[in-house]
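Next up, structure tokens for two forms of one chain, structure 1 and then structure 2.
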Structure 1
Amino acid sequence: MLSIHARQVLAKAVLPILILLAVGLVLLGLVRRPAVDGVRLMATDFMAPAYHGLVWPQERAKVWLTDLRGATDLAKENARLREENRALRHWYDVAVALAAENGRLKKSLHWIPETVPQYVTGRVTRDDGGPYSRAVLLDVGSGHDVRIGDVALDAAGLLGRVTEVGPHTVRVLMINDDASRIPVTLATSHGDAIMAGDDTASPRLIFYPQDHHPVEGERVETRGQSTMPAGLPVGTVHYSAPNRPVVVPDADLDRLDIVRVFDYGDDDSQAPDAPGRVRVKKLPQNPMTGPLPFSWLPNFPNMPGRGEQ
């Protein structure tokens, strides 16, 4: 048993001793850092089971609470899934009926299905040069069959057309470039127009019929010309100012990553002659000078505008 005086002295000496011990441990850690780190790791490994034992009740309680919460919401989730299944079943029956009707109509009309276009997929890279301000380079790899005029689309809509082809990359002129002119069709007003890029995010609509003004919010699709097929999604109409309709593109022109280039082929078909159409004969050709002049024609007295030769 310690006396009261000894216990008072020991109580006053505990704080200085602990301070000196802490300072000594700090200095030891600075001088012998590898040894201190090893001791700390050994202590951590030794105390790991104790830490796990302390955390285990908390983890089990969290799991039990999650299961209990799920059990209380199980009835609501089951009712929601049943209603959704009923709605999906209804639309499945509608889709099957429409598919059957569509098949019968195509068969009665001797419908010829359209060919699926070939396409290649490329990743957008930086375009540090070139004659266009709004163009991107696509890395499509070697051995591709991309041609000038092919159509580029992303997951949402039309991006532009191929203007240059290289061994591994192709350059795509965007629809908002100042040099871009694409014929389009307006879905609601049923009018045709030209979508002209102006180096902004929204290309303008020009040359539309004055009796078919574009309607705010209506869909814009390609009209179809040469290698550009009809019906490709482009965007929606928006009036940025009075009498200034623009197209808000469906494609995200500012954040492009993966782009597909489609080959829809060339439109080499010739329209048949209309009834009553008079063929215009070509002038005789001279192998050296080209078309012969009108003075070569015989001199008929009754021809207006002809003088004596």
Structure 2
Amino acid sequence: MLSIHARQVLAKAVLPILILLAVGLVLLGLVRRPAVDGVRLMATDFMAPAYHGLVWPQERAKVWLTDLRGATDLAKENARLREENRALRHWYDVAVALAAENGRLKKSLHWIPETVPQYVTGRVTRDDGGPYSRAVLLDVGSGHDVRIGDVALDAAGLLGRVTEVGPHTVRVLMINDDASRIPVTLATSHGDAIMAGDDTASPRLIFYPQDHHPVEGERVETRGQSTMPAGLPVGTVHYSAPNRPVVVPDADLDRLDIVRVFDYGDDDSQAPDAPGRVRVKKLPQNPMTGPLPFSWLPNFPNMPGRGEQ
């Protein structure tokens, strides 16, 4: 057993020792914070089921309170919905009247109805071996009716055009490829331009009217021309540098997944022949099939390919 004196000394020494330990813990926290946080996280992990049990009544009470508030607000909500319903019915009547009037006007103007585009949907597979740097293959399955020049769209906007058609897949040339040129219209400044891909994320605008420069942030839509229907959303104008307008595409060109290819049925929209127009004579399919010139010369083959010696 310790003497009374020793016990008194020990009792007086306890607090300084404990304070020293606490200072040690403070220093440990400054030097090795992750170690202390690791212990705390272990304790929290250990207590996680208890926390769940503690918080559970609070969550239940919240749910009950929400339900209770919903029940008390029911009458008010009902009145509001009835009012909204009345307003909606009014607008429904207005819409029906306007639709009827629109139909009547169209009929009296001999309006030609627009054709509803046919479309197929396919999953994108990357195109590694194609002729373009920015093109994708689209798996549309067998029995599709996709033609060259059809328009590919994702959920947000224009993606590109179909350049080659296979039995199961089609190749879509994307709008940011070097070879892509799309005629577009600028929604606010009403100018026409050509959107030219340059292998970057945002294609450039070229050939815009010099007295109507594109406005920063304005909408870019397709211009109705040959196979391309008008008014498809493309993106917005952005000046990446002075006098260098580019289009920030709406479509997510980097993360393509599901793509739709639309056929706008353009066969009948060929422009009529103009009087006095000189038709360009089509080149023969295989220009090297006829007899070669100078075939009468000796030692000269008279047919293309491997000549007879």
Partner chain sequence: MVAENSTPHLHSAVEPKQTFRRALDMAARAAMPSLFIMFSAILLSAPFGIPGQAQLQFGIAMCTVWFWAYSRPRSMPALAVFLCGLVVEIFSFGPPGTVLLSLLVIYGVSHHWRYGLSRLGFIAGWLIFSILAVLASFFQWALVCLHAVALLSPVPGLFQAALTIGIYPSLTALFVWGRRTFANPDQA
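Rigid core (definition): largest C-alpha set, two forms, superposition within 1.5 Å. These numbers were taken from a predicted model, which means no experiment stands behind them. Residue indices: 1-based, along structure 1.
- The second of the two structures is the form predicted in complex with its partner chain.
- After superposition on the rigid core, displacement of the C-alpha of residue 28 between structures 1 and 2 amounts to 2 Å or more.
- The Cα shift for residue 80 between structures 1 and 2, taken after rigid core superposition, is 2 angstroms or larger.
- After superposition on the rigid core, the Cα of residue 243 moves by less than 2 Å between structures 1 and 2.
- Once the two forms are overlaid on the core, residue 14 shows a Cα shift of 30.8 Å between structures 1 and 2.
- Core-based superposition between structures 1 and 2 puts the Cα shift at residue 113 at 3.5 Å.
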